[in-house]
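Shown next as structure tokens: one chain only, the form predicted alone.
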Amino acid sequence: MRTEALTRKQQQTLDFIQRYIARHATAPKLREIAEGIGIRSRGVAHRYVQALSDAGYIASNDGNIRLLADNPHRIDATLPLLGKIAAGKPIEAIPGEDQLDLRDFFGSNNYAVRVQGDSMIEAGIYDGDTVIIEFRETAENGDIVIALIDECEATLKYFQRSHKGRYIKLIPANKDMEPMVYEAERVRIQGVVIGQIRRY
């Protein structure tokens, strides 16, 4: 059971592990985790992994890492598909027709991120929503991306590259907020939004 909030570095470690497993179908080693989160020490990486294990996000045994079933970042569930329903005239929903496997729907190279803040509200993405991210290291202008700035701060914004590629503009979908402009080498794309989940 998860009992505590994660630090920024612990969250970064969890995000890296999730992306690595989605991409390679196997868990990363400590050396790969350290490189992936921009540190040199495998000992420090081990401390982050142990903290994630203690908090109930992963299981770690003799260096073997496994995402736990109740990890909120993991897309690993099915829902009953009860039938079809018309958006016009009502029709009967048929119980017990099938199951909807969310892994099939979203794919295996994806991960989920809980949104905090209101910078994307005009794109219909609100505080508390969960967005589904396809792991990519490149993006097209107009994509909504997870961008890692200076290897330490991740943000969800519209992506726009300057015509010569020297700068990247990260654009909020909120008229009260200003775009952020960075030299291209300061920004690393960690994925593109392909879906969204909201509990009503």
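Rigid core (definition): largest C-alpha set, two forms, superposition within 1.5 Å. We number the residues from 1 along the sequence you see. Model, not experiment: these values are computed from the prediction.
Another form, the form predicted in complex with the DNA, is not on view; read the next lines as being about it.
Stretch 48-56 is the contacting one of 154-162, 132-140, 48-56, 168-176, since its residues have non-hydrogen atoms within 4.5 Å of the DNA in the predicted bound form. Contact check for R188: no non-hydrogen atom falls within 4.5 Å of the DNA in the predicted bound form. Under a 4.5 angstroms non-hydrogen atom cutoff, the DNA in the predicted bound form has R40 among its neighbouring residues. At a distance threshold of 4.5 angstroms between non-hydrogen atoms, R31 is in contact with the DNA in the predicted bound form. Residue contact check for L148: none of its heavy atoms lie within 4.5 Å of the DNA in the predicted bound form. Q10 is among the residues whose C-alpha shifts by 2 Å or more between this form and the one not shown once the rigid core is aligned.
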